[in-house]
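Each of the two blocks below gives one form of the same protein chain as structure tokens; they are labelled structure 1 and structure 2.
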Structure 1
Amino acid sequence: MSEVRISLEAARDLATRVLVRHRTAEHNARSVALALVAAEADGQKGHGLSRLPAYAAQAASGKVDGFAVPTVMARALAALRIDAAAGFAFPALDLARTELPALAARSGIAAAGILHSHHFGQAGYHVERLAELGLIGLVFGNSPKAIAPWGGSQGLFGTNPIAFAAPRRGAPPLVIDLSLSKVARGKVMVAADRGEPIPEGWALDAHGQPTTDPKAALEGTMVPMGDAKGAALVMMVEILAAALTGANFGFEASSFFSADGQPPGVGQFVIALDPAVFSGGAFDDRLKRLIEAMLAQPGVRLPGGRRLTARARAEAEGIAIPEALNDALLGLG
């Protein structure tokens, strides 16, 4: 598959242009473009520019309101309830990231729940921005149904990512970012395209039985990482991101890909902590000590290391995208 290499700036401009031409306000388009290109640069292509044609189609059909203005519906001293207003998720998460640092500085901890939201991409992106400001960030998001409750056979929960970021003195933030399915559904799709079996333990068929047939898996559900324990975490994330925010559950949410139907209306929950308050100023030294102890063992790498390597290369050399995607985006933009 032939690829085209373009600079990050050109990719952001192209992505912005594509959305603006599909019924999206310039500042919203820019917010989405920044996040998608950041994911692309980090090697997280599943949350990168490959999403853009579907995003543009959803803005064009009105399933996503490209002109939505996210608003703070309610607030307490350290809490925000944010309405993403059926727009893209990124402007609503930008609002949370803009408001939370002042609240966390005053209160020690603060949180924002977001409803009427959409795909929030690379979960770590949002908390990494908080960590760049010296805060610890945690985010939980739900997504359209893909995982069954443990013991069941029908998808109810999304793959429900958790991301965590912590500031490091003299180094980029530590970012932990994981979806709670054992493997990404995309891997099953690739196996189905190739006609290859998948390993047992990845997925269940529509009857809740383990399967190695990727087609049966696509009609069934994904197995959570950590099996029964992971299923409990999936439920916890569904409660924080959706029951707590008032957003749609995974089983109520429409697709993040199709341009048809109602908005998915999923939710996100973001927590920001000021480590200075809780640690008495010791946090930076303590985290450094932990990381040194980890890296003293041969074979150990920090979470997020590959992401930073990919990012450095993308900043120097730009990103490589499939020629077909590039052509499609040029056509759309």
Structure 2
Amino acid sequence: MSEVRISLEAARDLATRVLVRHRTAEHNARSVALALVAAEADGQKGHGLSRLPAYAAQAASGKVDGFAVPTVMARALAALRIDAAAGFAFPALDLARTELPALAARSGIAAAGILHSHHFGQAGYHVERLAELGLIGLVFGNSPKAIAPWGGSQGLFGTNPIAFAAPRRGAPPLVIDLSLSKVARGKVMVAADRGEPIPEGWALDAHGQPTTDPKAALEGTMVPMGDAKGAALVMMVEILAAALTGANFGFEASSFFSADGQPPGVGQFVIALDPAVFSGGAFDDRLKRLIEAMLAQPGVRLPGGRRLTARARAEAEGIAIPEALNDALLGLG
């Protein structure tokens, strides 16, 4: 498949331009563009520019309000409730990141629940930015139905990603980012777009049978990581991201990909912790000790190493995207 290599800044400008031309305010478009291109640079292409045509179509149809302004609906000593206002998730998560550090500085811990939201992309992107401010971050997000409850056959929960980030002295933050399906559904989308098969064990078709056909997988359900234990974690995230925030459950949410229907209305839940408060100032040294003990074993690597390698290359050389996607985005922008 032919690819085109473009710089990160050119990719951000292109993504911003596409969204602005599809009924999105420039500040919202830029927020989305930064997140999509960051995912692309990190090698997380399922959350990268491949999402942009669907985003643009939804903004154009009004399924996503490109002019939405997220607001703090309610505020407590260490908690926020944020309304994404049926807009893109990224501006609402930007608001949470802006507000949470001051709350965590006072109490040691702070949290934000977000409702009326949308696809929030690479989950680690949001908590890494908290870790860059010296905080430990966790984020939980639900998504449209894609996983059946264990023992069932119909999709009820989303793939419900979670992410964790911790600051490291003299090093990039440690970021752990994972979908609770065996693989992120976005990878199946990329395979479908490219006409490539997926490995067996990723997904089931509409009849509950294993499949390597990505299109059949998208009509069926994803397999949870860890089988029954993973399905229980999926439910936990659904409760935190949707029941706790008042957002739509996965089985109530509309598609992130179609421009038809009502806004998805999913939710996210973000926690920020001040490690100095909980550790008495020992956190940096204790985390360093843990990482040293891990890396002392041959063959061990830290989570996120490949992401940092891909990011460094992208910063130096730009990102490579399929020529067909590049042509489509140029046509939209």
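Everything numeric in this text was worked out from a predicted model, so none of it was measured. Just so we're on the same page, rigid core means the largest C-alpha set that superposes within 1.5 Å between forms. Here, a residue number simply tells you its place in the sequence of structure 1, counted from 1.
The form predicted alone appears here as structure 2. In the two-part rigid description of the change between structures 1 and 2, residue 220 is assigned to a different part from residue 126. Rotation of the smaller rigid segment with respect to the larger between structures 1 and 2, from C-alpha superposition: 24°.
Per-residue C-alpha deviation between structures 1 and 2, core superposed: residue 193, 8.5 Å. After superposing on the rigid core, the C-alpha of residue 213 is displaced by 7.0 Å between structures 1 and 2.
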